[in-house]
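Just one chain follows, in the form predicted alone, and it is written as structure tokens.
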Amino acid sequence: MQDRRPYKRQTVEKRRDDLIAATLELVAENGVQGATVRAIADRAGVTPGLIRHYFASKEALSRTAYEVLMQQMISDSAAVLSTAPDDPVARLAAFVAASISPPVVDPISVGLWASFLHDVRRDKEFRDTHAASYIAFRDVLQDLISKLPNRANARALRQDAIACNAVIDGLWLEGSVYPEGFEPGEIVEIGLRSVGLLLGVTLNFSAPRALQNESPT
């Protein structure tokens, strides 16, 4: 008979967070198919039936885990704004650099994102979750762009944010999947120059070593 982990009394929030963390760990290790209800419960130290107490279904848990993943990357990108200068160009540069540097650039995160893509395509609620996270990131970017001089046209602002987001996404993907293909700091350099060219500004950002584009481990 298989040994069971001892039951531990925890708060609702902690138990819910443990289930989300277990889901992400298992998807990272074995793909979506490996994150079964039983495997998630075992990893989180609960019975499979208890999962239904926190989530209506396995699909609801997966959507929440994906939402948490995306929100964390947005938070990691925006965290630099709390210490960035007031200058609009400098703030935009800091955000772009953070969005294409560790911990946002990370092979595990991009692997998780890729694993969930099938569900994004086939499931409307999953797609809505994806859309919400995409728009949330784009809104931060659009707000930063709007603070630049001569940015009054709302349609142009939206399109600029979409174009800059596409550059950031591409570099995030390549930097996470193939970090050894770039020199230290090169992805940040490319990102700042490319976004700057799109917007007609010069973006410079002297990051601490922790924000340089190094090969994630």
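Keep in mind that this is a model prediction, so the values were computed, not measured. All residue numbers refer to positions in the sequence shown, first residue = 1.
The discussion below concerns the form predicted in complex with a further copy of the same chain, not included here.
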* **Region of this chain that lies against a further copy of the same chain in the predicted bound form, out of 142-150, 91-99, 72-80, 113-121 [heavy atom, 4.5 Å]** => 113-121
* **4.5 Å heavy atom contact with a further copy of the same chain in the predicted bound form for all of 37, 63 and 133** => no
* Partner proximity in the predicted bound form: residue 171 to a further copy of the same chain, non-hydrogen atom cutoff 4.5 Å -> yes
* Given that the partner is absent here, does residue 28 sit within 4.5 Å of a further copy of the same chain in the predicted bound form, heavy atoms only? -> yes
* **a further copy of the same chain contact at residue 42 in the predicted bound form, heavy atom, 4.5 Å** => no
* Closest heavy atom of residue 55 to a further copy of the same chain in the predicted bound form, within 4.5 Å or not? -> no
* To do: Output the sequence-ordered list of residues from 90-109 with at least one heavy atom within 4.5 Å of a further copy of the same chain in the predicted bound form.
  => 107
